[in-house]
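First comes one chain, alone, set out as structure tokens in the form predicted alone.
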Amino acid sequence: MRKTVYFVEGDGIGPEIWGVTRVLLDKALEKSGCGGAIEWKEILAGEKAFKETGSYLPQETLETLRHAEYAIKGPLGTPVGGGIRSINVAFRQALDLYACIRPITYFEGLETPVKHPERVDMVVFRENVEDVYMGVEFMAGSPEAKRLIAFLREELGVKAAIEPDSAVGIKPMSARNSKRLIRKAIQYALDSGRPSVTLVHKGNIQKFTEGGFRQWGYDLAAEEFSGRWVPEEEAENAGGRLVLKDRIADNMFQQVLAKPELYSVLATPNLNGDYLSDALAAQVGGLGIAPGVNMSDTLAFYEATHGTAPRMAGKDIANPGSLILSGALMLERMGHVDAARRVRSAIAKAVALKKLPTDLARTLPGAQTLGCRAFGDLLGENL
């Protein structure tokens, strides 16, 4: 069945990497016997949208996506000194894209900062609409900050010595949003045969927000997945059932470096997931090969996980790998498994040939550096 996919080119290097990605995805579908399976339709966001409409995120774009099933975007910048706080965060909140999903895997042959990158095979499920990213904060010295500090002290009896000139932020975390993210992570692990889900939190200090995330995870598992999982202390008797673990966030950073093979699916609050997914990407070669998708219950919105790199824009030196691999995830979800496999294999072959974009080639002795378009052409040949 032909699917409509809405695309945003993105800012900075976005148009370059999107152009390469679109051609490659179409070629992969054609090679797998599914040519024409996607109808591409452009929608506007970011700098291009601002130039054409006066808005960085036009209402028309949001209305289109509210009725869409698939979308994909290049990186989007955040205006400096004014305008929208973050286009990416605005998309997530307006469209209820509550799950950010980042698979982290290694392509054999890439140079990385760790000794055994091949041991990293994780999928991060990051809660995407609340936590500190809600943006509820007040400037230091502002009347709002002063009123909130006074309210905390006088009405709620907070004893902490909050300096009167502090900036103040609120960190909302709810059972509803935490549970639906963890539900998605557990269901994914069960469906894909992965051995464990680990809840990552800072509940030893933030007992009611991050501690709540942990507890809501165990409550959900007991309520909805009874008989299909065991707690970590019973792992030896799991008998094929899912093992549910939890780790304090700072310890988790040590774990993914020292013992990554012990972890499979991570479920995290918003900020923890932001940190961890980028750190894990660095362990396998960087954001240039890190795909991602933001999902609601109706829309899967795939994206490049890196920034706009404005200094590289227009120079044909960007790495399109992140957006290409996000496109492969999209093909897979659509049921075009062979086309997705071809895309990943094409990248693996390019690594084996040591013909790579600048960011990957400069870390690999003897590698040949290819421009963005040339790399796309090579991947097309490798399909």
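Note that residue numbering begins at 1 and tracks the sequence as displayed. Everything numeric in this text was worked out from a predicted model, so none of it was measured.
In what follows, reference is made to the form predicted together with a small molecule, a form of this protein that is not presented.
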Exercise for review: Look at the stretches 249 to 257, 126 to 134, 154 to 162, 307 to 315 and give the one with heavy atoms within 4.5 Å of the small molecule in the predicted bound form.
Suggested key: 307 to 315
Practice item. Decide whether residue 359 counts as a contact residue for the small molecule in the predicted bound form under a heavy atom distance cut-off of 4.5 Å. Key: yes
Practice item. Using the partner position in the predicted bound form, report whether residue 105 sits within 4.5 Å of the small molecule, counting heavy atoms only. Key: no
Exercise for review: Please check if residue 75 has a heavy atom lying within 4.5 Å of any heavy atom of the small molecule in the predicted bound form.
Suggested key: yes
Check your understanding: Taking heavy atoms only, is residue 264 within 4.5 angstroms of the small molecule in the predicted bound form?
Key -> no
Review point. Here the chain is shown alone; which of 283, 88, 177, 198 has a heavy atom within 4.5 Å of the small molecule in the predicted bound form?
Key: 88
